[in-house]
Structure formats: C-alpha cells, structure tokens
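In structure tokens, one chain follows: the form predicted on its own.
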Amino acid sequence: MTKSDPSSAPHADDKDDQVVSQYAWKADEYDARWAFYIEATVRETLRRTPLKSGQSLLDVGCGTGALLRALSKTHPDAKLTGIDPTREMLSLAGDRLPERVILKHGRAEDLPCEDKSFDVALSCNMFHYLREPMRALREFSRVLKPGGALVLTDWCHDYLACKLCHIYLSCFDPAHFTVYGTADCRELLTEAGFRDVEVERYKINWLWGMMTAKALSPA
C-alpha cells in the first residue's frame, strides 16, 4: 500500500496535472467510450449509498456527472454537490444535470466546502489517482457531519485483472498512481479515523473486479 505524508508535498504536482490534462481531452468521448464501466460502477455504488430523503451528498471526482444524474432521479429531494478538478468534465456535467445540482471546481485533497456540511460523501473510480490519499480522507472527514457516511468505489487490487492493469499503467501511463486492495483500503480508512469500516469486493463482469468501502465519520 502506498501512503503519503500530507505535510511533505503540495496538493497538486506534475502527476496531478497529468491526470487533469488526460481527462480534459477525453471529456467529450468519455461516457461513450466507457459506458459499460460507468454504468456498472454507478449501479453498484447506488446500491451501497445510504442517502436518505432530504439529505446532502457530495460526489468527489464527479466527472461528467453520471452518478449525480442517477442520484437526482432516485433522490429528487436530496441536496447534491459535485466536485472535479477537470473543468471540461464539469462543463459536460453542467449541461446534463438538473439546475439544483451544485458543481464546483476543486480537488479531493483540498475540498472547497465548509466543515460538517454533508450527510454523505462519496467517490467513484477516483481514489486510485490520488497521490495523497490520507490528506483526501481527512478532507472527507472534515466536510462530513458527525456520523456522516463515506462511500468509496474503486478498482480492487485483489483481482488479477486489476493487478495486471496496474503493472501496465505504471509502465506506460504517467498519470497512473496505484490500485488498492480491500485490506489496504480498510487500513487507510481506519487510520484516517473513520468508524464501522466495511469493504466489499465484487466482479462487474467475468474479468474486472471492483470494491466499495463504507464507513462513518468520527462522531
């Protein structure tokens, strides 16, 4: 597992900028190119998101807004906010989402949100890009209300396909950082002070495996 000291590095370095640049030029074709992957991860994340009527939710790394679109239909009275570091993705999200959904430009390591302002915070297929995972988790904790829920869906290093993909991307994709397994994810969340940590892994097809972690912020 890769860990970072949040006091030892800035929140954005060359690698972070490469992630943003990569998704900026992918924005227009992203949804069509990765339709099955997006649909599957949105579906599995929705099943595991404990959002109640009238509650507030923050989607970090919201991209083109696929998860927020689904949430706006299943929870029409929820207060939804999305954050992403790529302005091109946010622009597409803004065109596709209801006006009541708030979109902000920002990074997971430095969320542009007030303390204790959300009942649920989540991210989908974003966490493996972060160079400073602990810093991001502390930001999640900061913006969650006491006892608020954190939901993280991401690739799972426990599966062979993800291990091989990680090796390939580490060699050929400068924007790639790491892939976590269930034990790594549980350790990170516990170290960041989250309670009642649960990490579930599952396959979305015969080859590719994902995981969703759920936890509660400190009371």
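Residue numbers here begin at 1 and follow the sequence given. Since this is a predicted model, take the numbers as computed values, not measurements.
Keep in mind that the form predicted in complex with a small molecule is not shown, yet the notes after this line are about it.
Position in contact with the small molecule when the complex is considered in the model of the complex, options L71, M89, A149, L137, heavy atoms within 4.5 Å: By the 4.5 Å criterion, the partner-contacting residue is M89.
Listed residue (M126, C113, L97, L103) with a non-hydrogen atom within 4.5 angstroms of the small molecule in the model of the complex: The residue in contact is M126.
Stretch in contact in the model of the complex with the small molecule, which is absent here, among 159-167, 62-70, 47-55, 177-185 (heavy atoms within 4.5 Å): So the stretch in question is 62-70.
Exercise: M211 in contact with the small molecule in the model of the complex, heavy atom 4.5 Å: M211: no contact with the small molecule in the model of the complex.
Touches the small molecule in the model of the complex: P85 (any heavy atom, 4.5 Å): Looking in the model of the complex, residue contacts with the small molecule include P85, since a heavy atom lies within 4.5 Å.
Contact of V120 with the small molecule in the model of the complex (heavy atom, 4.5 Å): Flag for V120 set to no.
4.5 Å heavy atom contact, L130 and the small molecule in the model of the complex: Although the small molecule is absent here, L130 would touch it in the model of the complex, with heavy atoms inside 4.5 Å.
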